[in-house]
Ligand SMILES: Nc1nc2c(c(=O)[nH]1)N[C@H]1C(S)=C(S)[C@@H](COP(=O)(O)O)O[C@H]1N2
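In the form predicted on its own, a lone chain appears below as structure tokens.
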Amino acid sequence: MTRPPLNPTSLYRRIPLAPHQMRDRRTRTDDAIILAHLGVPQLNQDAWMLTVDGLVDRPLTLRFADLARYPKVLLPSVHQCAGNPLEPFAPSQRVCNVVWGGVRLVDILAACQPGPQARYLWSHGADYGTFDGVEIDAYVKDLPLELAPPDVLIAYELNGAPLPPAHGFPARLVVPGFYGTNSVKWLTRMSLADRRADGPFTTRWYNDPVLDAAGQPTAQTTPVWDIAPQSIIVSPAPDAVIGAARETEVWGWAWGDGGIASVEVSKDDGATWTAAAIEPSQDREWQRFTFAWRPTAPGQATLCARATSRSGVRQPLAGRRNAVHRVSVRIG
């Protein structure tokens, strides 16, 4: 297969909005996060093909026009970057909330008839190059079929328009509820397999060390798949001046795979916590939380928010990519 030209030809990223800038429920495409480890392939929609093979009874080759034969689905969803794979525990708020458009993966796979031995979906992107000193033939990730959400898409639209090149034009995988590293851009091949993929983005990077009882990393690792519960404070903004004895609304967004059950807010850097009001989860979108705060005396205050998932997992105070977000303000 002839490799497409790259532009840019190496790591490309867009620094996302800061938490206090994420005021809109839906993120504009121009503000949506981008992380391209190996550059941005420049693909021709008319020449694009997607091969589906491996442990299937009926291998397929799809052109872009063939995607129109399947029902189009719109998917509003949080999309979050897992952060720097070389620093797996560094806190990250690289997140957006967008609407994808495309076809469901299950509809494509149904036409291929996966065999009983199929356990993983290997997805190949058209990007290639060098990352962290390692030569990469293609960006490859795997997805365990038993964990794959039914609303996984092969997406060709972002916010109602064709995918921009940096977001995976002409088509990409979107795995809602999973970190963005699993949503392979510039999709060219999907293979069904009975084991995990052996490329560096599954064996070397995006595998978090498992911590022991003392919180220290062990030799064991766990794949970076589902999004851990997380929240950010949008308002007040950092260094804002809050009037003493005046009621102020503290609000932000919370998200995580499976939805968020509750959010707590602290006014004293995590020493004490009070429940916030949170809207019900809807589809795959983030959830707005609010907290009425009336500071009583002038001085400095550090606000924090922490989310708890429906399964009872609570956002940690520090030491993980989903660590609690803190905002320092001045009470005047």
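This one's a predicted model, so the numbers in the text were calculated from it and none came from an experiment. Residue numbers here begin at 1 and follow the sequence given.
The same protein also has a form predicted in complex with this ligand, omitted here; what follows describes it.
Interface segment, criterion being heavy atoms within 4.5 Å of this ligand in the predicted complex, picked from 145-153, 107-115, 231-239, 164-172: Heavy atoms within 4.5 Å of this ligand in the predicted complex occur in 164-172.
Please state whether every one of the three residues H37, D127 and T181 places a non-hydrogen atom within 4.5 angstroms of this ligand in the predicted complex. Every listed residue reaches this ligand in the predicted complex, so yes.
Find the only residue in W251, Y206, W122, F89 having a heavy atom within 4.5 Å of this ligand in the predicted complex. Only one listed residue qualifies here, and that residue is Y206.
Find the only residue in L192, V103, L75, C81 having a heavy atom within 4.5 Å of this ligand in the predicted complex. None of the other options qualify; the answer is C81.
Does I33 reach this ligand in the predicted complex, with heavy atoms at most 4.5 Å apart? I33 belongs to the contact set for this ligand.
Spell out, yes or no, whether the shortest heavy atom distance between W255 and this ligand in the predicted complex is within 4.5 Å. Result no; W255 lies far from this ligand in the predicted complex.
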